[in-house]
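Only one chain is included here, represented as structure tokens and corresponding to the form predicted alone.
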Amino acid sequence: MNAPDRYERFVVPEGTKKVSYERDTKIINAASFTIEREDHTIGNILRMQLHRDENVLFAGYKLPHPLQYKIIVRVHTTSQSSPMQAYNQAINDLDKELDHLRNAFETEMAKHSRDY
């Protein structure tokens, strides 16, 4: 079959960065982040988190092609922030939210496992 191997969707090739950053040369305070081996799941979560920041004017993502396993996230910020700061803050906030979700889940599972 012509289909690529399944592991190619997840394993970042050696010598390739997971995230790369490229400033926009035409728009001030705008940049693109290319995230390797990710899809709509991370793209949409990251986009929504970026929209929560009042310094972010625009945040969006796209998958260039279904057989290219990467997303491109575009961020445009006000002059009070930079795209890199907004991106890092969004990642840190998501990390905290997911830690809280995991802890709440584990607490509830521990409660229910004691009952049975």
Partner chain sequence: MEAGASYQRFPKVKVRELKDDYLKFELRDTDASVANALRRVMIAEVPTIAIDLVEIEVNSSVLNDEFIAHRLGLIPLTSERAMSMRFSRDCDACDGDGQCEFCSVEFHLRAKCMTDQTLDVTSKDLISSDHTVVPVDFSDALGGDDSSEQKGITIVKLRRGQELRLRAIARKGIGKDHAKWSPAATVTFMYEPEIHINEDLMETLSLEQRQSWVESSPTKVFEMDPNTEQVVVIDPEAYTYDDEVIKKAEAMGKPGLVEIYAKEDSFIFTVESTGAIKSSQLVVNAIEVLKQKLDAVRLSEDTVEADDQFGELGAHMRGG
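Positions refer to the first chain, counted from 1. Predicted model, so just to flag it, every value in this text is computed and none were measured.
Not pictured, yet referred to below: the form predicted together with the partner chain.
In the model of the complex, no heavy atom of Q68 sits within 4.5 Å of the partner chain. Contact annotation for A3: none of its heavy atoms lies within 4.5 Å of the partner chain in the model of the complex.
In the model of the complex, the partner chain lies within 4.5 Å of some heavy atom of H40. Interface residue remark: I35 is counted as part of the site for the partner chain in the model of the complex, having a heavy atom within 4.5 Å. Contacts to the partner chain in the model of the complex (heavy atom within 4.5 Å) from stretch 63-97: S82, M84, Q85, Y87, N88, Q89, I91, N92, D93, L94, D95, K96, E97.
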